[in-house]
Each structure stands twice: as structure tokens, then as C-alpha cells.
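What follows is a single chain, given as C-alpha cells, in the form predicted on its own.
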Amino acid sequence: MIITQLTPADLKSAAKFCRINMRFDIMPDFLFKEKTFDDPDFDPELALLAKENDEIIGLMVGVIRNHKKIGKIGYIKLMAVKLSERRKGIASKLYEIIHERFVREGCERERILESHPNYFQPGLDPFYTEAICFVERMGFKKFNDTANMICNLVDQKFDTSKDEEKLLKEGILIKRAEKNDFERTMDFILSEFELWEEEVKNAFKNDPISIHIAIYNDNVVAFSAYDTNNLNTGWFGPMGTSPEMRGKSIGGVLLKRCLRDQQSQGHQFAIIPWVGPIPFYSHHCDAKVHRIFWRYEKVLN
């Protein structure tokens, strides 16, 4: 077995390897590229392949994020081992190389998969039993869990015209964001939802811009976005409303406008990841809990 760095020439074969060996997930070529080479923090020294006779038998991709509020974190962003080659120490050897780099770079902790703003899943699906055993053997501790919900877009209607008229009478304008809304939108995000800064910036890069906003007294007071991560896969979010404006159904209207857009894109389902308020999405769009993810962390000395 040899360990090499992932290169663009490996993209198709590595994406196919993930599709075969990550049986609860999809990994088209374009998504693998987004998760690796298109990540602004991509580091080839943290993107490793294990090969035998020029065939991929293991893959592990790490990334280092320096978050403003929570410090420098090393993430194991993707990992997979060929089914027939598991329990042979392949993942351990790949992890050892990446872990040593995390330590040298001064990471304060390590986490599994949830490498926001560009992440594949918000944690580790416990149905990947071997992966659960591996990360716990490597010293990771489960500290939380979260869920993805799924919304069936096929038969639902997301007409918000009456609700928007009612909000407008209260001085609240609902609209799709335009380029000239960027500055005031980012002011709101940095004030209320700083962790979502990069994802909201991504929404403004899309055509059409994939974020809807609520404006009150010329200020953005709420937003809802889609296609900010896992692009073209039906990924919804993030969204948020200023605390003093909650309880007016603004969030429900903004949510439905985004889901209507995703409907028009031809998606049959929308994925609502990393969900906090499950009842909110169940009420407004009949979303169902779809997958559960365990969040793991290792604190580094």
C-alpha cells in the first residue's frame, strides 16, 4: 500500500470510490470537487489516498478552519475505506498523517465531517457502524447530535402572496435579494448570525441570487437561503430571523419562497440540514426527520 496526495487527475476515480463505499450517501463528481478542490481552505497535504496496485482502497480528506469565535479546528471532512479492506489499519494510517498536521498547525480540537461553511454532512451517521467504532477508537468523544429533515416538493404549493401582503401592511417587505442588498444583508448576518457569513456570500454568487430577505425600516431583519453548500443537490439553508421580529410568520414565508425556487429547479425533495427547530419545519412545509448525525470531537493539548 502507498499513500499519495489527492490530485485533480484522481477526481473521477475518487468520487466513484466514495459512491461505492459510502452506501448511505451520494457523491457525484461535481459534489466531490466542491468538497475538495473548490474549498477555499483545501490543502493537498491533508487530502490523502491509500492505493494498492494503483487502485484506491482508502480516502481521507482533512481541512483546517480558523473560526473567529471558536478558534482553529481540524476537520476530517471525508473518509472511506474499501469494504473488503476494512479492519486492516488503512484509515488509522491516513488519520495519523492528518492528525499530526493538525497538531503542528496548532488546532485546538478536531471534529468529524461538520466542516462548515463547506461541509458534506453535519456529523457522522451512526449507520456507518465501522466509522463510529473507528472515530471512538481514535479518541473522539460524542458531544451532541443533530438531524437532517427532508421536504417533499412534488405536490406542495408554496403560495405566500397573502402572507406577504399582510406583512407589507406592517411595513415588512419580502423580496429576493438583489446585488444592491448585499451590504445591508451582510451587516445583518455579521450582527446576528456570524457563523453563516460564507454561506450567505455563496448565495449572492448564484444566478439567480438564492437568498430571500425581509426588510423593515430599510434594514434586513430576516433571511432564508438555499444552494449555499452541496450545490445542486436540493440543499436548503441557512435561515434566520432577528429575535425582535419573530412570531410574525416571516420565517415561514421566506422558507416557502426558497422551497418554491427549488421546486422550479426540478428538485423532488429539499434537504434541510443541521436542524434545530424541528417543529418549525414540520409545521410550515411538512418536513420529516430524515437522518440523524452524531457529532464527535477530540480536544487537542
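Just so it is clear, the structure is predicted and the values come from calculations on it, not from any experiment. In case it trips you up, residue 1 is the first one in the sequence shown, and so on.
The same protein has a further form, the form predicted in complex with a small molecule, not shown here; the description that follows concerns it.
Interface residue among F188, W196, Y128, F140, judged by heavy atoms within 4.5 Å of the small molecule in the predicted bound form: Y128.
Interface residue among A203, C151, A214, M79 relative to the small molecule in the predicted bound form, by the heavy atom within 4.5 Å criterion: M79. Not displayed here, the small molecule is approached by L124 to within 4.5 Å at the level of heavy atoms in the predicted bound form. Although the partner is absent here, N219 lies well away from the small molecule in the predicted bound form, with no heavy atom inside 4.5 Å. Looking at K162, you'd find every heavy atom of it more than 4.5 angstroms from the small molecule in the predicted bound form. For the chain shown alone, A177 is not a contact residue for the small molecule in the predicted bound form, no non-hydrogen atom being within 4.5 angstroms. With the partner left out here, the small molecule still marks one of 103 to 111, 164 to 172, 82 to 90, 205 to 213 in the predicted bound form; by a 4.5 Å heavy atom cut-off that stretch is 82 to 90.
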